[in-house]
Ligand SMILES: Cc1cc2nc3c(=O)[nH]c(=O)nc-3n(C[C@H](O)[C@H](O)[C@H](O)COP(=O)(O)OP(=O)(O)OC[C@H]3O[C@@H](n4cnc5c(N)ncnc54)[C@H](O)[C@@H]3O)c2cc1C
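Starting off, we have a lone chain in the form predicted on its own, written out as structure tokens.
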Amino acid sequence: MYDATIIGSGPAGANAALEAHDLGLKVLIVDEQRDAGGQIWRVKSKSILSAPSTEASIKGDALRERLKQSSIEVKFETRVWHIDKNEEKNWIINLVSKDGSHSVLSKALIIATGAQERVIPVQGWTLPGVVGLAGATALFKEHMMVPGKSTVVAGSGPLVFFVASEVIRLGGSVAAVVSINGFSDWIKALPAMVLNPKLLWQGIKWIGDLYLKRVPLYWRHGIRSFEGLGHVVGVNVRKANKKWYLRHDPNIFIAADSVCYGHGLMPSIEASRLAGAVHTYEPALGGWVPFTDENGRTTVPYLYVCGDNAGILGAQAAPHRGRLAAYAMVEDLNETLPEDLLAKRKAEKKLLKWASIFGKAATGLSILQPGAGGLISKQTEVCRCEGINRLEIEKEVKTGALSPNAVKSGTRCGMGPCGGRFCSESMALITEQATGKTRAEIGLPTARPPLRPVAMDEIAKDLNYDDLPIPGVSPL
């Protein structure tokens, strides 16, 4: 039995674990990756023998060293596939790893699963050579590789310019940057970003370097379609307005053998939903988020969230959110919080407040506008797992399927191996456009295990079929 189990070892989860451990709790960390750091402080591949230091690598290495010096138990390369509670109200966390499946018990649970990328499907987005913006950053940070010889970087928010900058830094060529944001959107965000001059200067440098290298920048443009047979060969782009509706102008074709594409980040909420927490739709925080107090407590006793899965605020805010969740957990387990921790909590809240201002400004650049759903054409494949296009989803909605569960039942959209992680957002956009309902009114599909695909023999190998209560033959 653990006092606390933390799912995720990024800046938020690892700092929550370290704080809880320092306060005397028996702590377990579970993470799918092979080491701590999460996406933002991702560990380098073992094949990388040496690499220039970056701020992210320095902070990530320091975090990993702190964990190694502690007595915190860690289970890396381990998936959580189900979360439940036993009769004593302790958490049962079901795990699967290369060593097989097993479960652990914990008094409290902190979920720090971070964010996932949002990619609005357009025609041809499934072509090889098309990579999500967040997927591209993982490629850069872990493997120091670029996706192709010539890359178009497109979408919304700061990741567009970070990815373009990294492609150039790692020796690649950027054919063009296509931002559905306008330059004026960035100007409006400046007052909040000035509060973190270091990050603001970094963003200015990314954009400035692109201009100096004469990389074409298409402000207020969106991708109409990806072109290619068997592999992407380029993109068709069009001008867009402030609401992200594409204008009826001729397409502009940009040749490239790879495209990095995405529209910001969404909180990764599958675990907190499965654990029973109430969620609300908050566009300013990236979409659906767990309903919490200011310390990360959810609506479920002894369940806490921290980091970007609690709302997209970025890496600067993550460590503070992790420590606040740890203090809340200690307070609930011990029914009190010592004076020194009360003072620490107050200081963390102040630091989080300042970090959140910048984080919200950056996230604001990717808040979906009314025209977002219109980027998806009738024949565009929305659910990659099941091969469902927009037209099929619209037909289901028009015949009365107004909830995500109903659309899922009628089309199988969201029933594939990803469990709807990559198509439920697009399905909701289509439903919103077809019905006029708000995202909050549309709601979320029912949360079901497994959280991640698992082999059936891993979770059923201990099953004794003789123990199953098989009823007799039904009477005629």
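Note that residue numbering follows the sequence shown and begins at 1. All values derive from a computational prediction rather than experimental measurement.
Only in words, not in the display: the form predicted together with this ligand, which the text now covers.
Q: Could you tell me which stretch in 174 to 182, 78 to 86, 101 to 109, 338 to 346 has residues with non-hydrogen atoms within 4.5 Å of this ligand in the model of the complex?
A: Flagged stretch: 78 to 86.
Q) If you check S366, T137, T151, T292 against this ligand in the model of the complex, which one has a heavy atom within 4.5 Å? A) Comparing distances to this ligand in the model of the complex, the residue within 4.5 Å is T137.
Q: Tell me, out of S57, Q33, Q433, S409, which residue has a non-hydrogen atom within 4.5 angstroms of this ligand in the model of the complex.
A: After the contact test, the surviving option is Q33.
Q. Is there a heavy atom of A240 no more than 4.5 Å from a heavy atom of this ligand in the model of the complex?
A. The answer is no: A240 has no heavy atom within 4.5 Å of this ligand.
Q. Any of the heavy atoms of P445 lying within 4.5 Å of this ligand in the model of the complex?
A. Although this ligand is absent here, P445 would stay clear of it in the model of the complex, with no heavy atoms inside 4.5 Å.
Q) Might S424 be said to contact this ligand in the model of the complex, defining contact as any heavy atom within 4.5 Å? A) Outside the cut-off, so no.
Q) Do A372 and this ligand share at least one heavy atom pair within 4.5 Å in the model of the complex? A) A372: no contact with this ligand in the model of the complex.
Q. Relative to this ligand in the model of the complex, which residues of 150 to 167 have a heavy atom no more than 4.5 Å away?
A. The stretch touches the partner through L159, F162.
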